[in-house]
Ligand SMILES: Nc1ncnc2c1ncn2[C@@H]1O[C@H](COP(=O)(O)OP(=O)(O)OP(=O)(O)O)[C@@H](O)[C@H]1O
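Below sits a lone chain in structure tokens, taken as the form predicted on its own.
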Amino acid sequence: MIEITARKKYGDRVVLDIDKLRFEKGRVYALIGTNGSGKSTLLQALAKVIDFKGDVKGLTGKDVAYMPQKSFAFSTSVLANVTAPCPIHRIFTERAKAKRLLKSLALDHLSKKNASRLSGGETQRVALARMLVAPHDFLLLDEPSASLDVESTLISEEVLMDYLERTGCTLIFATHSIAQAKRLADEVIVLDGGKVVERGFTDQVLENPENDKTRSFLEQFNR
């Protein structure tokens, strides 16, 4: 289990105010809310890539992988990008796994291309492959399909869910797509003003929200 208590301010503005938010191992959580609601900041706090007041229990740097909202690629081949996290002594044995991932993500034809010359959507899929080539207990993804078209989104989700089934790891992801939250998440957590205003099983929260802020947010997608 992961438990986080976090408070983060930028100047006088409180962007995150979380009191004992817990995540169970092996489950999938979607973070939803308007821009500036605290989704990205919460993921950054969980990944410990920002300073904040509070604590994260149940996570170490060794068992967590974090993919920020803006994906990046090294100025090497796509294949070399994917195998970058692998230990030197296992690079050659891990290449086969990396090639399978690239094929699954419809990127195998780009394996020798310099990754710095890819499109935004291709770069995002390469970043996902680079994360999934190694085993992790927890994945933290910030808008994992923000740069993807519908087809690439569905392909990436299928690869991601296959990884979760094989490893039993926990996934926490931020998304603006209600449809994606419905497809992937066991539970939904709604943030507003840096606070959790509602959480529960996906169908319950998205179909019958109890909080006014949740209802207001969801109404934007039903107009």
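Numbering starts at 1 and runs along the sequence shown. Just so it is clear, the structure is predicted and the values come from calculations on it, not from any experiment.
Absent from the display: the form predicted in complex with the ligand. The rest refers to it.
K.L.:
Looking in the predicted complex, any heavy atom of His176 within 4.5 Å of the ligand?
P.N.:
Yes, His176 sits close enough to the ligand in the predicted complex that at least one of its heavy atoms falls within 4.5 Å.
K.L.:
Would you please decide whether Ser37 lies within 4.5 angstroms of the ligand in the predicted complex, comparing each non-hydrogen atom pair?
P.N.:
Looking in the predicted complex, residue contacts with the ligand include Ser37, since a heavy atom lies within 4.5 Å.
K.L.:
Although the partner isn't part of this model, could you tell me whether Arg13 comes within 4.5 Å of the ligand in the predicted complex, counting any heavy atom of the residue?
P.N.:
Yes - in the predicted complex, heavy atoms of Arg13 and the ligand come within 4.5 Å of each other.
K.L.:
Would Thr170 sit within 4.5 Å of the ligand in the predicted complex, counting heavy atoms only?
P.N.:
Output for Thr170 is no: heavy atoms all beyond 4.5 Å of the ligand.
K.L.:
Is it the case that Thr41, Gln69 and Glu143 all touch the ligand in the predicted complex, with a non-hydrogen atom of each within 4.5 angstroms?
P.N.:
Per the other structure, all of Thr41, Gln69 and Glu143 touch the ligand.
K.L.:
Out of the stretches listed (154 to 162, 51 to 59, 179 to 187, 27 to 35), which one is close to the ligand in the predicted complex, meaning heavy atoms within 4.5 Å?
P.N.:
It is 27 to 35 that comes within 4.5 Å of the partner.
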